[in-house]
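Listed next as structure tokens is one chain, alone, in the form predicted on its own.
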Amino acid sequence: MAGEPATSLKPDTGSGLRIPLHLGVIMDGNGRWAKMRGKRRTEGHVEGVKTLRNLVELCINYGVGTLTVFSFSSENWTRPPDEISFIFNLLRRFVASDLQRLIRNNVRVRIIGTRRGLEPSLVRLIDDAEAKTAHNTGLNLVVAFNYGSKAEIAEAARHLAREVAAGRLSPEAIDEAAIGNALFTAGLPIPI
């Protein structure tokens, strides 16, 4: 996202290009990419962040409504502790270096996934990024961090169970819409 603000650059609208409402990207293979080039796995993660910056700028330029990037799954906790620490510090550096640029470009940041298991300082950073961009109306940048689909479904089921136990929801009222509304992704269009 270097150079001039991304909002000042516009693609050729006469190309007939169909812009998705919601683009989903799985950031996978950074370590393999680095290994194939004789580099450390961590260098692959750094390149992944550079690619993410370029992708965010392209989404801003082309008017994509929502970009969801799957960055760290709940299954990634099996990685070596030093690699996990590096990834978390990379997230910290990304937020520190890019948050103001995202704010200037009207990007709303939303982090989905569980906060359980994360260091309190990382949770504060995530909460701060979300709060500072909450009223932005441009690109919705959704980062799936410490996220897993099974964990998301389990969290939604726990939420619905608490609602039933509290008498606020009838078990018969649990349908696809109720489940959808309890997911981390509630209110987002389906990614392509």
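Sequential numbering from 1, following the sequence displayed. Everything numeric here is computed off the predicted structure, so don't read it as measured data.
The same protein has a further form, the form predicted in complex with a small molecule, not shown here; the description that follows concerns it.
Note on the partner interface in the model of the complex: the residue among L160, L125, A151, M27 having a heavy atom within 4.5 angstroms of the small molecule is M27. Of the listed positions (I112, I103, L90, L118), a single one reaches within 4.5 angstroms of the small molecule by any non-hydrogen atom in the model of the complex, namely L90. For the chain shown alone, Y147 is not a contact residue for the small molecule in the model of the complex, no non-hydrogen atom being within 4.5 angstroms.
Although the partner is absent here, N76 lies within 4.5 Å of the small molecule in the model of the complex, judged by heavy atoms.
The closest heavy atom approach of K39 to the small molecule in the model of the complex falls outside 4.5 Å. Heavy atoms of L52 reach within 4.5 Å of the small molecule in the model of the complex, making it an interface residue. Annotation: in the model of the complex, residues H45, S71 and F94 each come within 4.5 Å of the small molecule through at least one heavy atom. The stretch that touches the small molecule in the model of the complex, counting heavy atoms within 4.5 Å, is 31-39, out of 163-171, 31-39, 57-65, 125-133.
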